[in-house]
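Just one chain follows, in the form predicted alone, and it is written as structure tokens.
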């Protein structure tokens, strides 16, 4: 999919006019958008690879420890190499999606238009998924909002704890709304993560293919076919890794044992996850997982 093909309305698209100021602006924005997407795509592949180690909770915890060993520099690295490229890619991607470019997969259902449409749709799915993912599992999400506002509605919702990476991740993805993993909202959470993983895989693989065209690396149809095969292979590998990561915290995910009070190892950020008068250590785990905390509170109040 070249830039021209992305804006095509038929089987014989005309090339965009890069000689005019608007065309020149689009030329550079398209390449900045491409570079930002490649940067974030690289992070996605790395992130899924790390999460795939959740098949072994101890290894997963070690990987998380290695990342957080960056200390104060972690925030700078995240903003510079993850969130800034993501913001650039999303903003221009939304412009492309909302501009006058028409989706013609229904009337012109040949490969180029179908891939273009799926690229836009997968981008929108990713936007929804990332908002949910960052809100529930990133320290700049609900955890930060609670720390600033102490809003009681957020006090018992599970979010990520680096000291208990595996347990908190499983709780936040597999059982965020009920102790029962088969509760409908929990199933939707699992499904959104699965859909998000594969939307990211397709967006990355197809984006790699279009990026090569945008930068003039694959000009001929033969070169595009060869690079397309490589991109499919990359997508399959990343998809398998992502599916393993998803299985590790959903189907195979098991909440761990929460240490007792004053164990010297537990680091918590929300009052609802601390020991409350009248709650025995055996019930402490209920205060680390979403709706379970609220259920326990209601039980105590009615006692």
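Everything quoted here is computed from the prediction, not taken from an experiment. Positions refer to the first chain, counted from 1.
Omitted here: the form predicted together with a small molecule. The next part is about that form.
Enquirer: For the chain seen here without its partner, which of 173-181, 113-121, 160-168, 76-84 has a heavy atom within 4.5 Å of the small molecule in the model of the complex?
Expert: After filtering at 4.5 Å, what remains is 113-121.
Enquirer: Under a 4.5 Å heavy atom criterion, is residue 30 part of the interface with the small molecule in the model of the complex?
Expert: Output for residue 30 is yes: heavy atoms within 4.5 Å of the small molecule.
Enquirer: Do residue 142 and the small molecule share at least one heavy atom pair within 4.5 Å in the model of the complex?
Expert: Because no heavy atom of residue 142 falls inside 4.5 Å of the small molecule in the model of the complex, the answer is no.
Enquirer: Can you check whether residue 37 is within 4.5 Å of the small molecule in the model of the complex, heavy atom basis?
Expert: Result yes; residue 37 sits at the interface with the small molecule in the model of the complex.
Enquirer: Taking heavy atoms only, is residue 94 within 4.5 angstroms of the small molecule in the model of the complex?
Expert: It does: once the small molecule is placed as it appears in the model of the complex, residue 94 has a heavy atom within 4.5 Å of it.
Enquirer: In the model of the complex, do 44, 127 and 130 all reach within 4.5 Å of the small molecule through at least one heavy atom apiece?
Expert: Yes: each residue has a heavy atom within 4.5 Å of the partner.
Enquirer: Out of 137, 231, 214, 192, which one falls within 4.5 Å of the small molecule in the model of the complex, going by heavy atoms?
Expert: None of the others qualify; the residue that does is 214.
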